[in-house]
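Encoded as structure tokens, the following chain is the form predicted alone, with no partner shown.
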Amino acid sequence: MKVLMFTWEFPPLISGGLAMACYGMVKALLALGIKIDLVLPTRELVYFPLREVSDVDTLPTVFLDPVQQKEYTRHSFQTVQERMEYIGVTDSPETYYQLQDMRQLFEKVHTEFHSVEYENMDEQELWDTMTANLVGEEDLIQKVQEFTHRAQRFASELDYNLIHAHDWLTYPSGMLARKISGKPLVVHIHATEFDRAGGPGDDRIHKIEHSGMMYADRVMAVSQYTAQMIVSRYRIDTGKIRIVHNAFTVEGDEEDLSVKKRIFKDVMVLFLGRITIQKGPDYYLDVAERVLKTHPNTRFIMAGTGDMARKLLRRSAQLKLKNRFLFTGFLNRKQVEQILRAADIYVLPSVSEPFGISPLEAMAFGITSIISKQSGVSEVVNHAFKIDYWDVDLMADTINHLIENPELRHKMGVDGMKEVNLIQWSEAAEKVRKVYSEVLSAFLKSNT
């Protein structure tokens, strides 16, 4: 089985949790013998033919242009990073496409691949909706336009059995590939615009999400929480939704990960993630203010970046939290591991969290975790405190209790670590494989 996979992130291109989720999933799928042609938003027109498990780290690269491929093979690269820079792994647009370009492309595809037998007015409406909403001057929208425009080449020139597209940024590409090839489409919903925006958000993105999920043969949701969201908010048929929880692969020895390498003498509480409304960082600050009144020596760390960082920095200054509430800014992978080794308590007060891999990572380091009830990860772990994101008083009381009872804190951390070690990507990948098989079986049956 060979899959054409479109995703916006994959290491070393990491903007959020999607990168590590795709990494773990793809690695486990390769172990099952599934072949994957991976497409990322790169400057050069390349794809990554992944065949062996080790390919997720080396990312073998192929240019669609044979002349460029020949030139590429002449180069000698010292590191994977150097090779990625050569092909332009970037999250910034290199070229821009206008809406008119997109309309012309879709009209051309519709003319060349139109089939009365397999198309109806509902399908045409989905295409019209997606085309009309993939418009804007923002860099991100323009990059999605470019990514979609290029998808026709991959869809036409590569050989594959089905298409897998991750989140709204790649749904137009997945739809285009399905239209061109006639092969089935699986879309993966890691987060909806409602989750990211903490409310209505961008109507264009809602409509692209809806078109992608309606057009797909199957929709994979990362949690029951997300499945309920796409049924209630997007009116997607429950019969096409499949739930595949994320996982976390522990790298390193369990005992070694739990060894604390302290930065501070006192208890350290950690928020690790994007500082955006979805993750509830303002609630975390409210919790810190309350806890510091009882335990003034506690250190609260906010690790990450986001559009709310400046606002929260000013507010922490107004509250005079001083060096008891610290901002780290962006952390690379090595720095993330260093701060996890130093933390005692992890807090994720997300307002709406489809899954949330960070809590699993924290628990893998033996950190006692407090997670929002409004998160998908709360469905798969038992050894964590689950509290409503808005209940800052209960969160503060829980942290105070953990500070005052180090034995309980240690036991909860150890139990959580053992639990996370049982949540492996191999199990999730087997569920994905079953979805693939189910889709292909239905596809073959409909074409016989």
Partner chain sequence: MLYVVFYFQVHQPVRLRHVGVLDVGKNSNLFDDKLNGEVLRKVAEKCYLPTNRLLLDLIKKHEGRFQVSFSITGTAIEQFKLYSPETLDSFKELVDTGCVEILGETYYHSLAALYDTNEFLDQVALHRQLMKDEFGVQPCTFRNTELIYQDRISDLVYEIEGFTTILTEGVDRILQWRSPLFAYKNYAKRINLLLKYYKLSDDIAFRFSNRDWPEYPLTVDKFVNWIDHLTLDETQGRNLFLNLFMDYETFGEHQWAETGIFDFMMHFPAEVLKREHLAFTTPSQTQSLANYQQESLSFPDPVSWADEQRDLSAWVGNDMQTNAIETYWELLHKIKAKGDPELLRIARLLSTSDHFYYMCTKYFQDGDVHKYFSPYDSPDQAYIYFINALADLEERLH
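Residue numbers count along the first chain shown, from 1. Predicted, not measured: the structure shown is a model, and the values here were computed from it.
Beyond what is shown, the protein has a form predicted in complex with its partner chain; the following relates to that form.
Asker: Looking at 127, 72, 264, 234 here, can you tell me which has any non-hydrogen atom within 4.5 angstroms of its partner chain in the predicted complex?
Answerer: Only one listed residue qualifies here, and that residue is 264.
Asker: Which residue, 301, 80, 292, 241, is the contact with its partner chain in the predicted complex, using a 4.5 Å heavy atom cutoff?
Answerer: Only one listed residue qualifies here, and that residue is 301.
Asker: In the predicted complex, which of 205 to 213, 330 to 338, 348 to 356, 149 to 157 comes within 4.5 Å of its partner chain (heavy atoms)?
Answerer: Looking at the other structure, the answer is 330 to 338.
Asker: With a cut-off of 4.5 Å between heavy atoms, is residue 324 one of the residues that contacts its partner chain in the predicted complex?
Answerer: Result yes; residue 324 sits at the interface with its partner chain in the predicted complex.
Asker: May I ask you to state whether residue 373 is within 4.5 Å of its partner chain in the predicted complex, using heavy atom distances?
Answerer: Residue-level check for residue 373: no, no contact with its partner chain.
Asker: Might residue 317 be said to contact its partner chain in the predicted complex, defining contact as any heavy atom within 4.5 Å?
Answerer: It does: once its partner chain is placed as it appears in the predicted complex, residue 317 has a heavy atom within 4.5 Å of it.
Asker: Is there any non-hydrogen atom of residue 260 lying within 4.5 Å of its partner chain in the predicted complex?
Answerer: Result no; residue 260 lies far from its partner chain in the predicted complex.
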